[in-house]
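Below, in C-alpha cells: the form predicted alone, a single chain.
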C-alpha cells in the first residue's frame, strides 16, 4: 500500500494504436502513445490501480500507478573522447 501524499509516477494511454496518425512507421503505429507523469498521490493505493495525482503546479491527473518515488534514469550517453579535446584546442 502506498500512502496518500507520496511522490509517484502514473501512466495513461493518450492515443490507442487505431487513433495514431497515418504515415507512422509500422512498429510505432502499433504502439499506444503513453503519458507518464509524476505527482503526489491523492489517496492510498496499490501499484497497478487507477489513481489521481496532483502535479507540482497543482493540476490533477488520473492514470495507472506505476512507481513510488520515481527517479530519472536518462543520460547524455557515453563519453566521446574526441569531444573532450575541443575545449583545450579552442
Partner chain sequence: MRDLSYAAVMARKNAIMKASMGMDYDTFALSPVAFDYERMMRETGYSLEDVARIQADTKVGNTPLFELTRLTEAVRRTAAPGKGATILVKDEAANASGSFKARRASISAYEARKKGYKGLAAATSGNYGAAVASQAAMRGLKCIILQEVFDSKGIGQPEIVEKSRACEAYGAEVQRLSVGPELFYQLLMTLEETGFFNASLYTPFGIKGVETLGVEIAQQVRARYRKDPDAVVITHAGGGNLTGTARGLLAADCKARIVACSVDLGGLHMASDSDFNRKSFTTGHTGFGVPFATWPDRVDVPRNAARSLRYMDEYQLVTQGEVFYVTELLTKLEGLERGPAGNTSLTAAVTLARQMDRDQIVVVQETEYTGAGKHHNRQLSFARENGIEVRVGDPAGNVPGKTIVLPEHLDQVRGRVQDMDKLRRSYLKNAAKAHPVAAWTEADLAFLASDLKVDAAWVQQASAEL
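Positions refer to the first chain, counted from 1. Superpose the two forms; the largest set of C-alphas matching within 1.5 Å is the rigid core. Everything numeric here is computed off the predicted structure, so don't read it as measured data.
Keep in mind that the form predicted together with the partner chain is missing from the display, and what follows is about it.
Undergrad: Given that the partner is absent here, does residue 36 sit within 4.5 Å of the partner chain in the model of the complex, heavy atoms only?
TA: Because a heavy atom of residue 36 falls inside 4.5 Å of the partner chain in the model of the complex, the answer is yes.
Undergrad: So in the model of the complex, does any heavy atom of residue 1 sit within 4.5 Å of the partner chain?
TA: No, residue 1 sits far enough from the partner chain in the model of the complex that none of its heavy atoms falls within 4.5 Å.
Undergrad: May I ask you to check whether residue 19 falls inside a 4.5 Å heavy atom distance of the partner chain in the model of the complex?
TA: Flag for residue 19 set to yes.
Undergrad: Taking the partner chain as it sits in the model of the complex, is residue 49 near enough to touch it, meaning that at least one heavy atom pair lies within 4.5 angstroms?
TA: The answer is no: residue 49 has no heavy atom within 4.5 Å of the partner chain.
Undergrad: What residues, if any, in 1 to 37 have a non-hydrogen atom within 4.5 angstroms of the partner chain in the model of the complex?
TA: Residues within 4.5 Å: 7, 9, 14, 15, 19, 20, 21, 24, 25, 27, 28, 31, 32, 33, 34, 35, 36, 37.
Undergrad: Comparing between this form and the one not shown on the rigid core: C-alpha of residue 77 shifted by 2 Å or more?
TA: Moves: yes, 2 Å or greater.
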